Each structure stands twice: as structure tokens, then as C-alpha cells.
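This document opens with one chain alone, in C-alpha cells, the form predicted alone.
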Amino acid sequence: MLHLAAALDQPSVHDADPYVALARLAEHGGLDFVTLDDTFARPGPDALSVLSRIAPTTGRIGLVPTVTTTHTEPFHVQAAVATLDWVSRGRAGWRIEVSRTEGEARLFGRRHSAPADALWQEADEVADVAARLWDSWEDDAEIRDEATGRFIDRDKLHHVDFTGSAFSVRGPSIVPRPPQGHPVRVIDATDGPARRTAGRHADVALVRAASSAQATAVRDQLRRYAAESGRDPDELRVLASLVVDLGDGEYAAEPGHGGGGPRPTAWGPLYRGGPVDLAELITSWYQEGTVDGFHLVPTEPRRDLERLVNGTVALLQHRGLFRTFYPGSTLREHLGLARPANQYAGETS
């Protein structure tokens, strides 16, 4: 089944309520998840906090904030993402990103910015230790036995004892294992340095591609990296990420633009046209086996998301390509991904 996601980003909005309305609209359309981008240079509330505000106002849609791994403590990052999974009852994701700019580095004052290869090496280690910390509580570690006064079965807590190139973590976590086991990890794998990390750790990889051939090439490479790291490549979902300007018409605004495919721009591949032609593009790429779905970034969120849900999504549902209801309750279930086994289960702490 086709997977669809949308970005909620509204650069001029500094209050959570407009995001709530958009998330509800996306959920009305049955989308798998929404994303909210973040950087240390962005003003306003952080993405994790906004999506935590959205969690109790929605019931099914996945919530995926960007949380950077540069300058932040891995222990705190994994605990925050696990908490979002608890408050959303199993709908949390984590878009893993790195902080590239010297301006962001100066906010902390601990080190200078680093090359992309080094940043993604660190992000790889953060993703690794986060999974270990999520597993540091076995699912039934919390027993709450009032008769004996025992809250936790200490034999089911585990120290991770991780030493990386830039940090070390002992553990266990301070948050019980999340409802999904591991919240869904999302990585933009468009740039080369991020692809190895995506192959090893991502459940969903985003690829900004202006053509079917370009998306296919990156998808094939990601699946190869996943296999080389011992994963089943079929457990990796690859979504094409497009900026969409759905304008006012039902079809492409310009001949060859929209219906003819997205065009490369400085902000990523841009589709400009109508909801009908966007449905044609999505159908074509999906049925060719190019990608598992699409991550759509509206240029005008309130206008474009409404046209996406009531136009494009409705057409895809009519064609039997996209769901008309959520068959499950967690983001992993929406994506057809299994709940990961606990790597420490059965060990004695």
C-alpha cells in the first residue's frame, strides 16, 4: 500500500494551534505521518514540544519531529523521543538530522561546526545508542507490585555501556521502553554522507529527487546499504520528498510543469500544478516501483494541504492505492513495520 506523509512547516508561525489544525486535516486524509522541521537557528517553540501539544488532539496520525544529534546529549534525545511515543500512544517518529552551521555551534560554544561526514558518523552512533537505551528496559520491567513495594524488576533493566567517538553512555534509560519498542526513525538520505546511516538505522528514508530515475538510483543504494548492515531491505520504506505548490487549478499550471514532473530548485524538487496531476505523478512513480510513497512539503500549508487531502488523496483512494481508514493505531502499523525485538531480553543485568 502506498504511504503518504506531509510537512507542517510554517516559518512565520510561533504558536502551536495552527499546527494542530493542519495535523487534524492530515489525519482526516489518512496520511501516515506529519513532520515538523527544526534547527537551533529557528525561532519559536521546538518541534518536539509542538508535536507533544498535537498528540492529545489527534488519535491516529504519526508525529515526526526533527531532533538534531549535533550539540545535544544522546541520552536526553532518546528520552524525549520515547516520551513523545508514550504521550501519543505509539505514534512517535524521530527525524534524525545534524547541525551543519557555525552559527548553531556558537550557540553552544563547545566546538566548531564539522564536515558532514563527521556529523553523520556521530549521528550514526546516536541512533545506535538510542536503540540500546530504548531496549534498556524490557517490556515487562515495570511491575508496580504494591504488595511487595517493588516498582521495577531490576533484572529487566540493562546498562548499555556505549563508548562512541564523541560521547559515552552507561544507561539504563529513565523512560520505560516506548510503546512501539523503537519510535520510527526517519532520515533525509538525499545527501551522500547521510545514506550509510539511513541504510543502517532508518525505518523511513526521504529522498529529494526530481526524476523517477534519480529516486530509483538512491533507493537501490539505500537497500544495498541496509542489506550490508544485516537488515532486511524490505523493512526500509523510501519516500520521495517533493515541495508542492498546488495553486488554484485542477491540473498542471504550466505545460510540462507538474504533469511533466517536478523541477529541481534550490529548495528541492518542486511540483507546481493541480491535485489531479499530482495524483497522476504519485500513481506513476509508485506503480513503477520507484518509491514506497511520498513526503510532500506544501509551499502554502493551509491551502495546499486542504487540496492535497480533498483532491489528490481522494483520487488515490478511489484508485485503491491509498487507505481510506487506519487499520492500526501505531505509526509502525501504518507503515507495515514490525515492532523490534528487545536486544537485551533474557539477559541478566
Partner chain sequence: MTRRMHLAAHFPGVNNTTVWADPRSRSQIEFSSFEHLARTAERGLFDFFFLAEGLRLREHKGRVHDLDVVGRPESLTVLNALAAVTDRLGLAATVNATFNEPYELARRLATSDHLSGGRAAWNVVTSSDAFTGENFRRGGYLDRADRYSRAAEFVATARELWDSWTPDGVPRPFAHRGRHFDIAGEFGLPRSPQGHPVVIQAGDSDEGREFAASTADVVFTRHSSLEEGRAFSADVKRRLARYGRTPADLKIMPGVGVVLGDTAAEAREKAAVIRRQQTSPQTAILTLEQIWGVDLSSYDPDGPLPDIDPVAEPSLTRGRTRRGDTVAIAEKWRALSREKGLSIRQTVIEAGGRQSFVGTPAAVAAEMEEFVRQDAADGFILVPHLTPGGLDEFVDQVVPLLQERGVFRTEYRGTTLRSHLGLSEPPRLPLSSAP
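Treat the numbers as computed from the prediction; the structure is a model and nothing was measured. For clarity, a rigid core is taken as the largest C-alpha set superposing within 1.5 Å between two forms. Residue numbers count along the first chain shown, from 1.
What comes next is about the form predicted in complex with the partner chain, which does not appear here.
A.B. asks: For this chain shown on its own, do 16, 122 and 150 all sit within 4.5 Å of the partner chain in the predicted bound form, going by heavy atoms?
C.D. replies: So, yes: the whole triplet contacts the partner chain.
A.B. asks: Which one, 109-117, 90-98, 195-203, 267-275, holds residues whose non-hydrogen atoms are within 4.5 Å of the partner chain in the predicted bound form?
C.D. replies: Answer to the contact question: 109-117.
A.B. asks: Name the residue from 229, 211, 72, 221 that puts a heavy atom within 4.5 Å of the partner chain in the predicted bound form.
C.D. replies: None of the others qualify; the residue that does is 72.
A.B. asks: Does at least one non-hydrogen atom of residue 311 fall within 4.5 angstroms of the partner chain in the predicted bound form?
C.D. replies: Answer no; every heavy atom of residue 311 is more than 4.5 Å from the partner chain in the predicted bound form.
A.B. asks: Just checking whether residue 190 would be counted as a contact of the partner chain in the predicted bound form - the rule being heavy atoms within 4.5 angstroms.
C.D. replies: Heavy-atom contact with the partner chain at 4.5 Å: absent for residue 190.
A.B. asks: So, in the predicted bound form, is residue 46 in contact with the partner chain at a 4.5 angstroms heavy atom limit?
C.D. replies: Output for residue 46 is yes: heavy atoms within 4.5 Å of the partner chain.
A.B. asks: Quick check on residue 56: any heavy atom within 4.5 Å of the partner chain in the predicted bound form?
C.D. replies: Looking in the predicted bound form, residue contacts with the partner chain include residue 56, since a heavy atom lies within 4.5 Å.
A.B. asks: Judged by heavy atom distances of 4.5 Å or less, which residues of 157-176 approach the partner chain in the predicted bound form?
C.D. replies: Those in contact are 157, 159, 166, 167, 168, 169, 170, 171, 172, 173, 174, 175, 176.
A.B. asks: Quick check on residue 44: with the core superposed, does its CA move 2 angstroms or more between the shown form and the other one?
C.D. replies: True for residue 44: a C-alpha shift of 2 Å or more.
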